[in-house]
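Just the one chain here, laid out as structure tokens, in the form predicted on its own.
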């Protein structure tokens, strides 16, 4: 265990929240609302926001309608569009943290180095860059899309030009009249490619797999619309419910791929209207069922690909020689800039490098040969009194905020029961965890994620789906409504003189 650091306190918190993004703020607010206030929050950056603080690339925005991209307890009437942009989402999260008086509880510029369970004392020892803390329980709210993923390719260090990831955008670098290579055509790339295309001299877009890109039904919301939403809350409620029903229909299709077959046909016909050049159209036509990979939405991506200064390279990127980028088919181009649109490390949550289970085993070591498992995406084997936000197999095509709120209901119920019943330790039963994940994997087999003919980031190196939830969001919300202590091994504080292994 690392040596004690400065600012070490002997205070033992009831709980500890790591991260002040979407899920960390949701947890903090709901804990406060439940009367549970003896907890601490640490955040590695100097402001809240999580992924919406980190991702500032041009065109960054949400692909879920903004009516759902807000907490149920804090609706907003300030969105400028039906689909919110990054700066206003970040502003919304900062406003919520102030309105609910969460910001004073956050220790900023503080990152977690290690979290270890002390079995004898029944609390967590949390070492940070600013000191050591103790807590009876921990909520790891560090999110699944926090660590940029850059392929390990030969000679990248010898590239003489500028190079950065979309999540670490270099705003000081002027792209004007530059030769630019964009690697990847995922959710980030289809947003920033149209923004940079008019500025650059030449743009080479490396596409390993063509994504499904559907038209984005986005519209601006003027001041009259905003005032109406603010003065008539029922409008906001109806808007939210309508979008929720639409997304529920999408999720039904993802669980029942046959229902999406007509959409596949329609989307391909739409491509004929969007792209006139037959070769380009063929290259951007996906070879898998819609929904197998994340469905993307944009109105300006295909026009950007058809611009005179843009070249789509329908092959993977394999390396560089000096300032020459090389495609898998041997195609070579000289460029000034490489921008990585290669997404994030999601199959092995980075928090696993810093957390040790009750046996002293580092979670990332246990996960190195396979993706992690959790019970309801929240409770991890042999990790007592700890909860993971937006963990394995909870992803539904919906708002991350709604997922976070559902998990928070479960976690708050667990923590209040622990306090009320003087529970010193609770850890998910191995048989419950195994049965749950066996059922999850069995039901995922027939979803489009597993049977749609693609290799998505939902699948780990063994082909196991570690991300998706195979049922509806309402089913996930129902399961996360309350904690069943019978599913946990539970120990009670000695003062009550009772112990239970449920």
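Here the structure is a predicted model, which is why all the values come from computation and not from measurement. Numbering follows the first chain given and starts at 1.
Omitted here: the form predicted together with a small molecule. The next part is about that form.
- Just one listed stretch, out of 30-38, 59-67, 458-466, 433-441, contacts the small molecule in the predicted bound form at the 4.5 Å heavy atom level, and that stretch is 59-67.
- Taken together, 19, 146 and 188 are fully in contact with the small molecule in the predicted bound form: each brings a heavy atom within 4.5 Å.
- The shortest heavy atom separation between residue 473 and the small molecule in the predicted bound form exceeds 4.5 Å.
- At the 4.5 Å threshold, heavy atoms of residue 452 stay clear of the small molecule in the predicted bound form, well away from it.
- Contact between residue 300 and the small molecule in the predicted bound form is not found at the 4.5 Å heavy atom cutoff.
- Contact annotation: residue 23 falls within 4.5 Å of the small molecule in the predicted bound form, judged by heavy atom distances.
- For the options 90, 290, 112, 304, the one in contact with the small molecule in the predicted bound form, meaning a heavy atom within 4.5 Å, is 112.
- Site annotation in the predicted bound form: the residue of 183, 138, 141, 411 reaching within 4.5 Å of the small molecule with a heavy atom is 141.
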